[in-house]
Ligand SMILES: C[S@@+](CC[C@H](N)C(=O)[O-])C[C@H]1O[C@@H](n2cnc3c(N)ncnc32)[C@H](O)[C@@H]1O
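Given next, in structure tokens, is a single chain: the form predicted on its own.
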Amino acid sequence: MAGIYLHIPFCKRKCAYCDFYSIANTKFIENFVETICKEIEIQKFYLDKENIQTIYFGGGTPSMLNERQIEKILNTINKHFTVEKNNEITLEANPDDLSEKYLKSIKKLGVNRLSIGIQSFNEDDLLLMKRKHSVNQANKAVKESQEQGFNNISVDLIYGLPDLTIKKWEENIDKALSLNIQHISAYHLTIEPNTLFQKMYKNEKLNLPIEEESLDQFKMLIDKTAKNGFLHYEISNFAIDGSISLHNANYWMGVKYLGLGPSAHSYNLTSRQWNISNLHEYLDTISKGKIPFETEILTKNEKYNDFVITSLRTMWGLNTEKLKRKMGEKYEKYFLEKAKKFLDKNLLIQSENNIILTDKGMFISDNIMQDFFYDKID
């Protein structure tokens, strides 16, 4: 089984926090759709004829594609790949794009999972982040999606926002849970380079919460979702049992995937490659029958580092027997030696052969995982 990710690089405008590759110009959409379909054909052998279990429209704002354009892309995938009948097809969407007609149409096309970029149920926060939708539109989008038969709906939320009090964050979580959704992706705000928030931060115009406040927000998220039957199955992801994102879970399980569109990444178990983050070069190069990408062959150390990162992110943790089997005893011993201090500090716990991040450990997971990296030259 494998997955296909499609990066749709169009937005109505750039959000204040976002550093994903996107452009606020819609005149190239039709050309882009033709081009990504050509890329699908060129890349049809990348996954070694493995069946496709998941298709994920990400971005950018994939819901800016109309029904005909989505249908063309899906038809092209089905022409060149074997897509499992029991598949997961996800569309990331902004609330203001989800009309009754649009929802009805994309459901007929086979889209069976929505990831709705709400980010906050507070009007002031939406304005600060430069989001185009309102709280009312967010509520309406979820309800109309349910009315059109979507029963696998995820919403995105952001915590650690400027001036976000614990009370405001609790209201956000409660509102999301009240909508009877199946999945929540919640991310801590990161001030990324070349974003409006970075400029505001440099000019001391952002009042960010201190680390203890952010940790309290994270703990509240974990507690409230657990009490409402959600599994905390990955650092930033929570799902009702049976509604885990198969596409994202496959990333963490080391499954092959093909990335299509500008800036998209691909992985075939031995190498990684990524398309250029420039729409015009992407369109021009593929028109000539070539893919504008860079690639790297993974060393044994890099494969070990990847295994650590992807495994520790999840509720299942890292299985040391699997590590030994895949990478060898040397890497297993190295990992276990490094794990001792984190186990002593209750940042990791051990359950049989699984090493798992605690809630406290998840909050500082990047620092923990970097400490496990193997960069020795043997």
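Just so we're clear, the structure is a prediction, and the values are computed from it rather than from any experiment. Just count from 1 along the sequence shown to find any residue number.
The same protein also has a form predicted in complex with this ligand, omitted here; what follows describes it.
Proximity of residue 295 to this ligand in the predicted complex: non-hydrogen atoms within 4.5 Å are absent; the residue sits far from the partner. Remark: residue 76 does not count among the residues lining this ligand in the predicted complex, judged by a heavy atom distance of 4.5 Å or less. Proximity of residue 94 to this ligand in the predicted complex falls within the 4.5 Å heavy atom cutoff. With a 4.5 Å cutoff on heavy atoms, residue 188 counts as touching this ligand in the predicted complex. When you look in the predicted complex, the only residue of 183, 131, 113, 247 with a non-hydrogen atom within 4.5 Å of this ligand is 131. Though this ligand is absent from this view, in the predicted complex it lies within 4.5 Å of a heavy atom of just one residue from 171, 156, 216, 144, which is 156.
Residue heavy atoms within 4.5 Å of this ligand in the predicted complex occur in exactly one stretch of 58-66, 348-356, 330-338, 38-46, and that stretch is 58-66. With contact defined as any non-hydrogen atom lying within 4.5 angstroms of this ligand in the predicted complex, the contacting residues in 17-42 are 17, 18, 20, given in sequence order.
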